[in-house]
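Shown below, as structure tokens, is a lone chain in the form predicted alone; questions about how it binds or moves come after it.
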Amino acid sequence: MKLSIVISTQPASFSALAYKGKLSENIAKIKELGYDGVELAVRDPRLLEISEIKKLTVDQNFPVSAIGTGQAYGEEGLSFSDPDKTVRQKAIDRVKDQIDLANELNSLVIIGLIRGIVRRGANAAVAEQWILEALHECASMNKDVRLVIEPCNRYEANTVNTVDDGIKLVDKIGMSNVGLLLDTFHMNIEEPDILKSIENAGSRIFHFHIADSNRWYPGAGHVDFQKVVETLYKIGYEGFISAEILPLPDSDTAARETVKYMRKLIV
């Protein structure tokens, strides 16, 4: 397994980002700290100089573990389940742009909050169908690019909260390039047994996020990361473990403490 950390390529209101902007400076810092790669949170790929990002990452054998899409929801309100068909289409088009970017960077695309929520008074079954249709359309665009569905806790979304919800959705889609992203912060809230949930997801897990119970760096809360890593090894997971953490007490300390802690567990 390999270790990465999330950095935002553009200004964002989302707080659980160790670094925002200053790509050249921050990617160099992340490499120096001993990470194996970087995860990029990207609101709109059309606003980026993709060639420059490639020079900073894949061209230097420093892989991009994943492309995060949540800022398109958080900053612009785009989602697959919006009652407005125009908004749903914009969300699909944006994710397709993310897929093109992921193809350039040999990465995968995260489908978290951009799938949306079921609004008060809306029909949950209809919203789920919109999500399914959007995911199928996006996944069919380029089957060489993997999409990962992230179960998010009930305080952030009311669609796909648990690992079991994610498993059911992945199985409904039934495409080999659609899997799961599990996150220890969300699982700590929603899962009765984090380790059992990881085992149940098994080979469906394509990507993995770490943050402690308080969303600080690993070791600052009460999640048992040793057992989490042991379980990932048990199921044969070989992908990235990526830190999506609050920049507390500050960005550099959070990133440094993550490496220090996780290197004791990842062999």
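For every residue, the number given is its place in the sequence shown, counted from 1. Please read these numbers as outputs of a predicted model, since none were measured by experiment.
The form predicted together with ligand LER exists for this protein as well; it is not shown, and the discussion that follows is about that form.
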State yes or no: in the model of the complex, is some non-hydrogen atom of residue 186 no more than 4.5 angstroms from a non-hydrogen atom of ligand LER? yes
Verify the contact flag for residue 76: yes if a non-hydrogen atom of it lies within 4.5 Å of a non-hydrogen atom of ligand LER in the model of the complex, no if not. no
Flag residue 209 as yes or no: does it have a non-hydrogen atom within 4.5 angstroms of any non-hydrogen atom of ligand LER in the model of the complex? yes
If you check in the model of the complex, is residue 19 within 4.5 Å of ligand LER, heavy atoms only? no
Per-stretch contact check against ligand LER in the model of the complex, the hit in 193-201, 171-179, 105-113, 126-134 (non-hydrogen atom, 4.5 angstroms): 105-113
Looking in the model of the complex, is ligand LER within 4.5 angstroms of a heavy atom from every one of 14, 156 and 215? yes
Contacting member of 99, 152, 91, 149, with respect to ligand LER in the model of the complex [4.5 Å, heavy atom]: 152
Who in 35-56 is close to ligand LER in the model of the complex, meaning a heavy atom within 4.5 Å? none
